[in-house]
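Given next, in structure tokens, is a single chain: the form predicted alone.
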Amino acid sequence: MKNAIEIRNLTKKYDSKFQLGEINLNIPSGTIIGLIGENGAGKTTLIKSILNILKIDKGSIKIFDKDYQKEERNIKEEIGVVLDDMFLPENLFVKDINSIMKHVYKHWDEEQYFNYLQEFDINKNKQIKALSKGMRKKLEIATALSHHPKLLILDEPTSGLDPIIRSEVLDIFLKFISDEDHTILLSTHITSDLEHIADKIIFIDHGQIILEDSRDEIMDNYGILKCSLEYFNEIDKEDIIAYKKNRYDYTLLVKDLDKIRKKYDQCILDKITLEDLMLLMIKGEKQC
């Protein structure tokens, strides 16, 4: 399988307080990759480095086997982008986006753009400044999809959307990658979205990738073990990835559920969510 994005030894240093990398990453074509981590972990820095918005200090980034830093003009046609801090001129009318973008992208699809506006219930005759945050986000998604990109790079694309619209947008993303020529890199705090659509999860903390695994592997093989305060000392340290002490019990992040279930059958073993995983890996204790 070909890689849509290939990153080698990427480093970006802002100041003495934060450094991204070194990052090594392959993103195969035809997949949805979910990028998770708390605010300030490095997700947006990674995305903006890939897009050459930020100049990296070291390393290489290839998109479709081309160096994006050197061939940005040739590659941008194939990339659709939605950023959390994206800016569309507020004095424009929604229909004006079409007039502008058809001169920017060779493959801009006017019919598809207006179809998305109708599907998302966006009034083409409204000024952008009159749109709610959720409506603006839907407009950004419609714009990103309407020039037939092969790669979508999305930073908080469903932020501000109600659950029904979020579900519709996720269905559009799934349809987008229904063949192996399309790929999505999606950073979001709404981790439940990724539980439905992501093929792989990349977890960044303090500028480093601390977990990279398939969604199925995480959801099927990681779990939450709950035990009493007294029983905690009976748990083998090597079985604990991270833990949190509560008032009356312990919550432990564990892996290899079949083994854990048989070994600690007197404890409660629950399925994990990506939110559970994030909280325990970031906030939990790592050593017993």
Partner chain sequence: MLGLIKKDLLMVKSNLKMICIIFAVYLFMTYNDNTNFAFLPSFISIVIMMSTFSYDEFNKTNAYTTTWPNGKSNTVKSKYITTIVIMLVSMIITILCSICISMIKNNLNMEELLSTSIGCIIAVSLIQAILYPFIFKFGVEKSRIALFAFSFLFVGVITLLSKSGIAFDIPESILSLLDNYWMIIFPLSAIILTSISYKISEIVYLKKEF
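Only a predicted model underlies this, so the values are computations on that prediction, with no experimental measurement involved. Numbering follows the first chain given and starts at 1.
Unshown form predicted in complex with the partner chain; subsequent notes refer to it.
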For this session: Identify whether the partner chain in the predicted bound form is within 4.5 Å of every residue in the set E111, F120 and F203, based on non-hydrogen atoms.
Result: no
For this session: Indicate whether the partner chain has at least one heavy atom within 4.5 Å of a heavy atom of D179 in the predicted bound form.
Result: no
Exercise. Can you check whether Y116 is within 4.5 Å of the partner chain in the predicted bound form, heavy atom basis?
Worked result: no
For this session: Give a yes/no on whether A130 approaches the partner chain to within 4.5 Å in the predicted bound form, heavy atoms considered.
Result: no
Exercise. At the 4.5 Å heavy atom threshold, is L229 in contact with the partner chain in the predicted bound form?
Worked result: no
Seminar exercise, completed: TL;DR on 205-213, 180-188, 157-165, 69-77: the one with heavy atoms within 4.5 Å of the partner chain in the predicted bound form is 69-77
Problem set entry | Single option in K237, K55, K262, R247 placed near the partner chain in the predicted bound form, where near means a heavy atom within 4.5 Å | K55
Exercise. Though the partner is not shown here, which residues of 96-118 have a heavy atom within 4.5 Å of the partner chain in the predicted bound form?
Worked result: D96, S99, I100, M101, H103, V104, Y105
